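Listed next as structure tokens: two forms of one protein chain, kept apart as structure 1 and structure 2.
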Structure 1
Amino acid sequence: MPFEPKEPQKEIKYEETRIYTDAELNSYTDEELNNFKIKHAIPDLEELENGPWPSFVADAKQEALHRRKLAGNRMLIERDVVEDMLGQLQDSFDDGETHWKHGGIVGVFGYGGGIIGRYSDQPEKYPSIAHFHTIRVNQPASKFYNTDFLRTICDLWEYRGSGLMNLHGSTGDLVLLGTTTEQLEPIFFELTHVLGQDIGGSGSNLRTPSCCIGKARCEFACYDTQDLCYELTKYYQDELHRPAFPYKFKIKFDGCPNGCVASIARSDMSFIGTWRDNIRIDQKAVKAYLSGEVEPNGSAHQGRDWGKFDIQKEVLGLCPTKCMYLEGNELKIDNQECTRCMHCINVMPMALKPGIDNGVSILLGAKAPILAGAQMATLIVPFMKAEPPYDSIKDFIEKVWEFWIEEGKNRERLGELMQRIGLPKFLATIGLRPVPQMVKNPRENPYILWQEKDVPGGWSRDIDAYRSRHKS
């Protein structure tokens, strides 16, 4: 059953919302673009245009030329905004430091997040980027857009902003780069009233939840990532737009252990689809792989002769727990030893599929900051069903938040709090019993300090009597 939003969606028709004519959108030739020079010397940036890879510098120059060609009354911020941005970036290359000021509070009425204030520390030299604020726009689940929406938002940003966009930032949002303070409220009005869009999260709050493509296009999805992402986004609007946390909090949804949005590496709370029954096996398809009738890896490795498919080398030998084996031409799996790594399913997708008793594993504490270093998530809930209205998931989220808000220091991510207080205390506080799946690696200290309440029957001991028998 396809995912459908729970409220009517406004249909956008570009011919009714467009700002620019076709002539204005196609106002320069390839020759003009090839010969175009911005008003600042940017030798280091132009080096980034060389080589086989796409370059943001080339894209920015294209936008700068487009703005040169537009009439002055067809833009509501300075024409030179992109050229000044590139000029300041060259200065940053020359000086070895950024020329954006740190901080600056700016936003729209009623919201505490979604707008990142950005100001140049060289406003006299680059006046058109004295203000260069960023707006995060809450992306739809799995980032499905139609062209009418994209054309409309591009026109809006050309008119009221720099025309530079980022699809998509690591948080997940559609990011609009560069506008002035005066344009923020009009842009917010257009986004909400014309496009039916909300702005995303920034600051010490819930960041915009983000999910993989899920059951919309993927046969491996173990739960409806789009529906859960949509539900939590709508349900936690206050947490998304009105900062009240010690620091930012990211939730991401992977439909299966392949982890296409890398939730395990870059979200404070990661939902990864899994199953608790057996991997489904089609033995007829297994024989087709063994005979070479079907290509492995979904034919993804075409274009080179890799030789005959070797199931021992390419599947059984790479199983991390060695839980798979062949009996004749039949594939057997000791599912109690399976860690759901997805490798065998990826190599033989026609023969193997995830089980049907599906749910999510919940992991906590990942982050990927540049300065303090990355941290992978810790498995906290090995399995939980993920079915509407998701009450058990909401209860768990709120338990975690309650503890983090109470105990977390300012600008301390959830994973840093877990490291600081230790996993046993964290689990006890949120009401979970330890299970083996939570262990990342064996203990380095072989001694266990038992608490009296943890030992059936307890014990009685006299420390003075003990020391009398074990004198130092």
Structure 2
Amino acid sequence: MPFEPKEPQKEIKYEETRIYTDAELNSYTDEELNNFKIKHAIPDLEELENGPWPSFVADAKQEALHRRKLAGNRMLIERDVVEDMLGQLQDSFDDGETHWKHGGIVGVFGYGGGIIGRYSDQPEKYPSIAHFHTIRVNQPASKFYNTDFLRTICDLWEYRGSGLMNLHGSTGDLVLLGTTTEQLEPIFFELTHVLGQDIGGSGSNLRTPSCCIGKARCEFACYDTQDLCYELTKYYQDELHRPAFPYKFKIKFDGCPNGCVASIARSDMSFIGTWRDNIRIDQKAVKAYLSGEVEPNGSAHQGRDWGKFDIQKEVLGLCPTKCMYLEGNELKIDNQECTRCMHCINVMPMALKPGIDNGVSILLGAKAPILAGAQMATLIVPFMKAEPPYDSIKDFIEKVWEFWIEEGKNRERLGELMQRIGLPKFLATIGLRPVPQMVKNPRENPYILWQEKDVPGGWSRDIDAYRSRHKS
């Protein structure tokens, strides 16, 4: 077993935690559901019950009916909270405008984030969603669950909340949608004491880190994404729960350059697995691809006839650096020229594997458009080992934070600060030497800054000395 938790992990048994009986959970028939009308007219929403894709309206109606069937003392917020949510949603369609009031500042003692306050702007018409706050629950790394945990969350949330959720929020959290201010502390106490489970981040802080599935079920993973994600989430709990930053800061962990958790686009600090030795080639398996015995790309294109596998066209010709060639039936790779884009490995997963000397590339500064335009993360550390206890990674994170906390303006993302002060100054501040890998190309304009100390004679000059050589 490669991993054992560092502290004893609380085990949850649903039979011990549960609130609702089986009879209460299975309290309605399909026929009742079919005939069920919520208290508001929602013609547009009911139209969205049609079509093959899972209908959120049909699902919401299940919960609305379930709440109708529960005894009054078996839930602590209003029975018709789902019906009011659907009613207001129909109003929003009719009006072409949202019906949530601006903002809302609520939370739990000890923390400065994790809960998104929300209030209806029609509380008289929809009293049950007058308060409709969201709680972000920090998901386990790569979102594996057991049903004891999920069922306990469901009972807790039906009893103290709306029973509506998002699995999951874009950042990764398990999102509980809709409860009252009164219930925030009780829910937090149940989460921590019964479930051993904390809430996630919101506000100007470290947001909930997330990772791809990594070594749990992927042969491409170059490091233990879950372990690093868990370790850093635990290590930086204070930064996550108590906003101390100029603005939000996200960290994501991709096991390889395929980017299954999109860290390069959606995190201020992006860790992407890579290797620095050679791609491993199994020549026997290469022949199996060449002969058509094995489908390319893990059979991902099987729905259409693309012809027989053509390694020249599909692999060698598409390699961005053209560093691959065939010698007879032997596949050769000039690894010095390879940029580890993953294409050949993706096409022939049975024959090609990432190297074994693995680590991460670290890229910084991704963000959405507001304010200065969207940014992808830019390469800062070409290669770093990623092995417990991850000290060099923690040192690097703290150097970046120290700089950004000091220099960043109010609501300035790291990527914007890097643009404002320039990459050279940023590198100097965090103590890194510039290398060509950090740019797509060198600058095109000649507006080059020099430090006075680097120029012989300095910048203090005498105009009289100049005039002694040049008449005006």
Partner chain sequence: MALSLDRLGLYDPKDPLKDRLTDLGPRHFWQYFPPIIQNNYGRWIYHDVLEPGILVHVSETGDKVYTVRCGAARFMTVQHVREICDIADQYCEGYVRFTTRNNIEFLVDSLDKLEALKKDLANRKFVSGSYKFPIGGTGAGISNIVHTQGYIHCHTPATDASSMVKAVSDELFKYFQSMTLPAKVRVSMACCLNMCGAVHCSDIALLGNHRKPPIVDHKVIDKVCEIPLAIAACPVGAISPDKTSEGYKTVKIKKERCMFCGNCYTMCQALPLSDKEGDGVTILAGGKISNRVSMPKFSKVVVPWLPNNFPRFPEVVEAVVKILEAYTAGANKYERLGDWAERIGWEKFFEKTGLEFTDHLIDDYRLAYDTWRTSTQFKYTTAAWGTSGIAGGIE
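Keep in mind that this is a model prediction, so the values were computed, not measured. Just so we're on the same page, residue numbers count up from 1 along structure 1's sequence. For clarity, a rigid core is taken as the largest C-alpha set superposing within 1.5 Å between two forms.
**Student:** Choose the one of the two that is the form predicted alone.
**Tutor:** Note: form predicted alone is structure 1; the other is not.
**Student:** Superposing on the rigid core, do we see a C-alpha displacement of 2 Å or more at Ala23 between structure 1 and structure 2?
**Tutor:** No, because once the rigid core is superposed, the C-alpha of Ala23 moves less than 2 Å between structure 1 and structure 2.
**Student:** Is there a C-alpha shift of 2 Å or more at Lys308 between structure 1 and structure 2 once the rigid core is superposed?
**Tutor:** For Lys308, whose C-alpha is compared between structure 1 and structure 2 after core superposition, the shift is 2 Å or more.
**Student:** Hey, does Glu416 budge by 2 Å or more at the Cα between structure 1 and structure 2 once the core is superposed?
**Tutor:** Yes, the C-alpha position differs by at least 2 Å between structure 1 and structure 2.
**Student:** Once both forms share the same rigid core frame, by what distance in Å has the CA of Val455 shifted between structure 1 and structure 2?
**Tutor:** After core superposition, the C-alpha of Val455 moves 8.0 Å between structure 1 and structure 2.
**Student:** Aligning on the rigid core, what is the distance the CA of Phe426 moves between structure 1 and structure 2, in angstrom?
**Tutor:** Displacement of the C-alpha, rigid core superposed: 2.4 Å.
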